[in-house]
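Coming up are structure 1 and structure 2: the same protein chain in two forms, each one given alone as structure tokens.
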Structure 1
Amino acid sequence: MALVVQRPKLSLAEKLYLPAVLGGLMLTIRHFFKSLGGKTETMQYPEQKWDDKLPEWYRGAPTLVADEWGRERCVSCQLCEFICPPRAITITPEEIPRTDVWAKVEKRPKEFEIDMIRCIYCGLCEEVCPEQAIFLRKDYAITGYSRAEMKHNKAKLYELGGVMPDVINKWNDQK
């Protein structure tokens, strides 16, 4: 049984269409004058930023973090490099010399590069890191004038990452 949809009965004013158009025009001109008076929804982007409106779980640029004593967390296990779907991460590992104060850890990255043109902000590197050394922080305005500039090296990554204190402490002798 077919369903018969009743056509709505339109009044003459509705059929004429013009009152509706005039109503619409009144609505838009109200918005026009409201905006002319300076009340707009626009955020003036480079001057005003999203920073304080970003949710806690926001995934911005992947960065390396140091602990509260300024030590590198990364042990160059290369798990993040392995898991990275677009292969944006390149790690050159290096052995920590025996004479170093932090020789217990044995490895550290000599160079750590993330190609931000490739990065898809999936957060898998953050998930996979056993040392909680890589985090997706809230930086989102990542720009550069060249491809080379868009490759974040170790220094840049630590600069963006900053300090992140927490429980894992690989230098703990009991561990």
Structure 2
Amino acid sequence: MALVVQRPKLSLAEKLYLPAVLGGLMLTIRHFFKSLGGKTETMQYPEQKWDDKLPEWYRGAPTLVADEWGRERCVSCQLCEFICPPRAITITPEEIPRTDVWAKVEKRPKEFEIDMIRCIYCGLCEEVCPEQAIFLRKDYAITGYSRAEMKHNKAKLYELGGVMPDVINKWNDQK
């Protein structure tokens, strides 16, 4: 059995959309007088940035970080690559030669690339990283003139991420 819904009876003013038009006009007039008093709701981007108003939990662009001695934290476990929903991360691991000073760790990334066009800033790569090698910057204005510029390679990611001094598990002999 079909359910019949009765439509409300509209007045002539409602049929002509007068209440909605007047409501919109009043809102515009109220914002006009606010702007005359110096209170604006609009941010003038790019002259004004959200940097001071970003919430603590904001997730921005992923970067790679090094320790205070310049060593890479990434051990090429590829967990971030596997967990990335849009498949924006590509890692090519390589073995560290036994003659290297830091040969305790088996692998390091030969190539590490994040396609920032595909990245959705979900933060899963940062959460899954066992060595805290990936950090999300509070950066929302990532631009480029071409698709190639938006693919951040390992050097660019370390340049953006910088140095993060902390206890690094892979270099810890107690591990």
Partner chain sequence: MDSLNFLQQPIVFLVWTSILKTLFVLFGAILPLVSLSVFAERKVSAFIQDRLGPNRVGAPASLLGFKKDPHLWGFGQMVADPIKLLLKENFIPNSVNKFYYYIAPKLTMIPPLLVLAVIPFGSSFLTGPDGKPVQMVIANIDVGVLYVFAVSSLGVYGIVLAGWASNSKYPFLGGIRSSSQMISYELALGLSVVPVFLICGTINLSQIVDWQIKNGWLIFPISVVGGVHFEWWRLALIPLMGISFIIFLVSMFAETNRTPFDLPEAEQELVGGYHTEYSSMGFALFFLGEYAAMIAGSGVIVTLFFGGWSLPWIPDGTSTWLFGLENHVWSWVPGAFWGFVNINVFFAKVCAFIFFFIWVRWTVPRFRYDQLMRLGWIYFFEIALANIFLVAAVLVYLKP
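Numbers follow structure 1, counted from its first residue as 1. For clarity, a rigid core is taken as the largest C-alpha set superposing within 1.5 Å between two forms. Since the model is a prediction, treat every value here as computed from it, not as a measurement.
Taken from the form predicted together with the partner chain is structure 1; the remaining one is not. Once both forms are fitted on their rigid core, the CA atom of residue 44 lies 2 Å or more apart between the two structures. With the core held fixed, residue 117 shows a CA shift below 2 Å between the two structures. A displacement of less than 2 angstroms separates the C-alpha positions of residue 148 between the two structures, with the rigid core held in common. Look at residue 13: with the core superposed, its C-alpha moves 18.8 Å between the two structures. Relative to the superposed core, residue 31 moves its CA by 7.7 Å between the two structures.
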